[in-house]
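Next up: just one chain, as structure tokens, the form predicted alone.
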């Protein structure tokens, strides 16, 4: 038996704020969270790109020492977001520990900051390196560190899913959580992803000539999704978490319902691990619509993946046009915070919730001149008041992984 799945709480940490009010206001005013790189003596001198979507607002963590000792920076982000999520959700402690609540949460690397420290101990020549590495080092840096630190801190005993599919990690986490609730495997799921500030990822994309370099002296002017002058992505940091639960469960406890999650699809291009593929993207979008049991014409808005790479944006625009024509509005929210890697699908889903609630479509920042190869879709270049009903959130990743989430304004 299929069950209706609703979103009843959200929390995020991102380069343009922490609270819904702060983030929504910055999106409306066109405030960028992209900043100059912090100093890094190891990688910094070798990078061409000098910009990063940075969380500058200080965060006061009040985690017990027993929890802190297994956490690197990425788990601090994840656990803080979930702490705020649970405070807003109002779930009973007995339910949290009942086994009926699960976690789907991931990151790209685990904690690269801790991994650097581990490699330094191994290679710096100061005695037997392996003996200087403790169990906590692994627990801080392992790929599923966010998910298991969340379960430990909050006593969650339900199923654990820790997706690690690069830029689709957050959207996969939400999608897999949706399936777990929809098909009765769990009554509720905490879903999301996080990534910390680290230049390892910048170095990867920098070497691929995929990072923005033309606006190093004007960080707020990049990234530029769909713009004729776009020159690559900007790596960012942050965390996003949403609570999914059954409609019946949400109603029974009087929870505020932010939206209904009506569909999810995940597919793979089945070819090149780096280059985007319009056919694969199109197939995943259509699969998402089929899963939601809706027609393309019912989608009012698409939150595009749109990393501002030269070919990625063109391929995504082609795929969207093949499915939707020029009907839905299209916005690219990485233009405000950069590409937050694993967290992007979760954060962009949350930003989409703000648009559904407020009836405002936030525009693509820095979209001054639309690339003619991307001009066939309906771009948003200034805030628009709109009565939104159904929206799509798209994410695509290295390895050819594609995802599509479908959300709808809640209707009893």
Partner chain sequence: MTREQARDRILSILSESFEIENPDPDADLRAQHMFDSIDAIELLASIEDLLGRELSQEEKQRAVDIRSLNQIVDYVVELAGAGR
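Positions refer to the first chain, counted from 1. What you are looking at is a predicted structure, and each value in this text was computed from that prediction instead of being measured.
Although not depicted, the form predicted together with its partner chain is the subject of the following passage.
Among 210, 164, 323, 139, the residue placing a heavy atom within 4.5 Å of its partner chain in the model of the complex is 139. Listed residues 274, 135, 295, 123 were compared with its partner chain in the model of the complex; 135 is the one with a heavy atom within 4.5 Å. Just one listed stretch, out of 49-57, 374-382, 340-348, 66-74, contacts its partner chain in the model of the complex at the 4.5 Å heavy atom level, and that stretch is 66-74. Contact check for residue 152: a heavy atom falls within 4.5 Å of its partner chain in the model of the complex.
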